[in-house]
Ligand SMILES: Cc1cc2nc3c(=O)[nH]c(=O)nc-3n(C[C@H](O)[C@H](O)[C@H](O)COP(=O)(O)OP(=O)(O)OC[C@H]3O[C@@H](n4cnc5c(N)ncnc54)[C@H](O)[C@@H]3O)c2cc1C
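This document opens with one chain alone, in structure tokens, the form predicted alone.
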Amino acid sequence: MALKLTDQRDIDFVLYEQFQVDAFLTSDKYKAFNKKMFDMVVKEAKNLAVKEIFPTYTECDKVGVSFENGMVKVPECLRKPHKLLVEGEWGALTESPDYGGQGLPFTIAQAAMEYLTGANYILTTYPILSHGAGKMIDLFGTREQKDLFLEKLYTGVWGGTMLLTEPGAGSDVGALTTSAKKLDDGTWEITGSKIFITNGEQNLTDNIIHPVLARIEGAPAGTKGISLFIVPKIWVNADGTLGEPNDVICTGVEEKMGLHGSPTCSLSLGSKGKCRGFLLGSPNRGMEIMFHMMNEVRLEVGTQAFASANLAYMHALDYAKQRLQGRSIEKLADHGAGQVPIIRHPDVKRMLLKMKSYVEGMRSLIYYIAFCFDKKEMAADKKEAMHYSNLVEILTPVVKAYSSEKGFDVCVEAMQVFGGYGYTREYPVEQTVRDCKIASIYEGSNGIQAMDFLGRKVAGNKGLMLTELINEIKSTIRIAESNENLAQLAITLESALILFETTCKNTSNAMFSKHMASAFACAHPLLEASGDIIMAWMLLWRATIADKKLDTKESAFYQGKIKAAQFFIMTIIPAAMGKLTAITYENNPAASMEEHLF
């Protein structure tokens, strides 16, 4: 039996039972669609993922990229599926058909991208980054810039990147030194160097459009003086034709722990004094504009980690059903008893149920973000739109950081199920572990996400975002507590939620006192515990739906939802409450630790 890339039945559960996306069809925005069309999009994504993309997964890792004379060659196996992604316009599922999009709901697009991302994340970075670059031009570009770049970026005909990091300016973006000088023709001369650029140079597309952060001569120091420029690899003439190569040179490719088929490049801009670009938006608004792409990519990184975890879980589940080893626990004393599949052993069941609960919880959380985007788009008034916008804002750092860390943990757990074989290259789970690790590091390391969560989201807008999130969780608890089978789970989660709210408020208050450093030393533990609470919410929500359907033909499927919620809330949430209790937002030892004591 062929390995399943993901659980289609659980995807349908999330789409149509948890979030009821078929109700979108009554809105003016999506009235041209029907459920059959939604299902067809997901089915086509599945076919493309299984037949064309997944076969490139291990080959990408083995072949890797090559770099010679400033040119990068990616694994040749990517060429055909990349062409199919472009022809199918998979990079702009939610965008307007005017620029090559499909106009689909975000939630349906998320389901399609789960398949494509899970099959080979390396390949999907091309449409993801192209779309991100295009979105900034869509929101802030001039009509001329949109006509030149937007359709080719949205459809993936041209590649896109994101040029922020420099050797001396990583997380501290405000320290960048790349400069911009206005030329007589209205374009800008760009000079500087950038590093860690995914797909910064590659041979799959005819052109690459680089959004570049740079400082205009005389601009203020720090992030307030940063502007954003559109810098094509090949200059684009006013009529849309390609001109001469721009002065953008690839100077190297990183050797990495994972993602071997993905080029991570260093780029030199203007080493010959001939690098030109277009200013995007107003001067000194570069960080504001770039964050539109950053937040989009951070959500995609959460999807990357979740998809890696899901794939690892699928591998482990398949292996556990087939691998014969040892006698069943009931027949340990019977030396004549035959071997049983390892899925019969209690500890393996524990590992698989733990993985299942994280994977299904992460799926619901990530789809919930997409659902909030859709609800915002269809909102009846500004108040409703702001409510869903607030939920997206506070959950974005959680999706990026929590999913990347727990996704990696699931990959490691899956390797454990394989035993010694998991540590070898005979099975692909070791690649999944290596490929997943980067998710907690790039697009804003998880420490940065934690500071954002505490400083901007929990404490921001007088705590409104936190209050709205807590109210959403409480609404699920109210439903569950009226159910005899789920009441105890609701009580446990509510106790944790009360502690969570108190800890968040105390820690955010400490930010505005002499204990500021202590508060930020707690930011990551607080974010991790927050993720646990939110994951429990998602699993309890799923359980409230499943409990009503235990007498159907799919009783085993729905019982699995109850078991996942029980496992997580009974075993993970008590530990999360311990994390919250242990948070020391005043006089934290880490904050007072002097450098010379290390």
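Please read these numbers as outputs of a predicted model, since none were measured by experiment. One rule holds for the numbers: they count along the sequence shown, beginning at 1.
What follows is about the form predicted in complex with this ligand, which we do not show.
Contact with this ligand in the predicted bound form, defined as a heavy atom within 4.5 Å, holds for exactly one of 270, 101, 422, 444, namely 444. Listed residues 235, 388, 196, 427 were compared with this ligand in the predicted bound form; 196 is the one with a heavy atom within 4.5 Å. Contact check for residue 410: every heavy atom lies farther than 4.5 Å from this ligand in the predicted bound form. This ligand is not shown here, but in the predicted bound form it comes within 4.5 Å of a heavy atom of residue 171.
When this ligand is considered in the predicted bound form, residue 145 lies well away from it, no heavy atom lying within 4.5 Å. Under a 4.5 angstroms non-hydrogen atom cutoff, this ligand in the predicted bound form lacks residue 474 among its neighbouring residues.
Although this ligand is omitted here, in the predicted bound form none of 359, 362 and 526 has a heavy atom within 4.5 Å of it. The candidate stretches are 252 to 260, 236 to 244, 483 to 491, 223 to 231, and the one lying within 4.5 Å of this ligand in the predicted bound form by heavy atoms is 252 to 260.
Taking this ligand as positioned in the predicted bound form, the residues of 161 to 176 that bring a heavy atom within 4.5 Å of it are, in sequence order, 162, 163, 164, 165, 170, 171.
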